[in-house]
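Before any questions on binding or motion, here is one chain by itself as structure tokens, the form predicted alone.
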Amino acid sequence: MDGIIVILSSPSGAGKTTLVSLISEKENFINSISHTTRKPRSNEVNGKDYYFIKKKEFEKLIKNNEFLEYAEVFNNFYGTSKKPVLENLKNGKNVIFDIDWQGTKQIRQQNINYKIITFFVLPPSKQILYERLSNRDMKDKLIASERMKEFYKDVKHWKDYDYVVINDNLNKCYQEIVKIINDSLSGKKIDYDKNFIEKHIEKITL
């Protein structure tokens, strides 16, 4: 049986990277590691968190059509290598992605013959998001403010996703995502309250 693609996107600081790590570890998903031109944060490891490469090298990969998707985010490039993803799917392994809305759109447009389930992860409140961004390895409040501006743009893309989840409690959010994946694969009816999500989005974008 072929593998499936699961995509998690979110505004910066909503916790999608932690959720992706949890799902790949506990549910035996292959974590798709992106290439990026940005500098590593102090806790990041090359080849585990990202493949950190120079802009010139990234441009060469674009030219050779080696990316399944790529995008420019906060003046840095991010992209997913096509070959390992397709090989894993063909071998029946499920692959999980931590990418933004631009990358998600590109993967959907590729018309690859594998099931894709997409999730948009939201923070419980604007205040919590700002705190998470300010506590990051960047201490700089200016960067947190920049990312808050970006948050308003990113959040508009929630409608392009199959499901939206609120990361108020990490374990609860993880369980919700896994349940939706399993129900979707077994053809069960999924309990998903779109009105509740719309109200939450109104609340956090005021």
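Sequential numbering from 1, following the sequence displayed. Just so we're clear, the structure is a prediction, and the values are computed from it rather than from any experiment.
There is also a form predicted in complex with guanosine-5'-monophosphate; it is not shown, and the following applies to it.
**Q** Select from the listed residues Arg38, Lys48, Lys153, Lys179 the one whose heavy atoms reach within 4.5 Å of guanosine-5'-monophosphate in the predicted complex.
**A** By the 4.5 Å criterion, the partner-contacting residue is Arg38.
**Q** Answer with one of Ile112, Leu89, Ile116, Val73: the residue that has a non-hydrogen atom within 4.5 Å of guanosine-5'-monophosphate in the predicted complex.
**A** None of the other options qualify; the answer is Val73.
**Q** Verify the contact flag for Tyr78: yes if a non-hydrogen atom of it lies within 4.5 Å of a non-hydrogen atom of guanosine-5'-monophosphate in the predicted complex, no if not.
**A** Contact with guanosine-5'-monophosphate, yes.
**Q** Under a 4.5 Å heavy atom criterion, is Val85 part of the interface with guanosine-5'-monophosphate in the predicted complex?
**A** No, Val85 is distant from the partner.
**Q** Does at least one non-hydrogen atom of Ile99 fall within 4.5 angstroms of guanosine-5'-monophosphate in the predicted complex?
**A** Flag for Ile99 set to yes.
**Q** Taking guanosine-5'-monophosphate in the predicted complex, which residues along 145-168 bring a heavy atom to within 4.5 Å of it?
**A** Stretch hits: a single one, Arg147.
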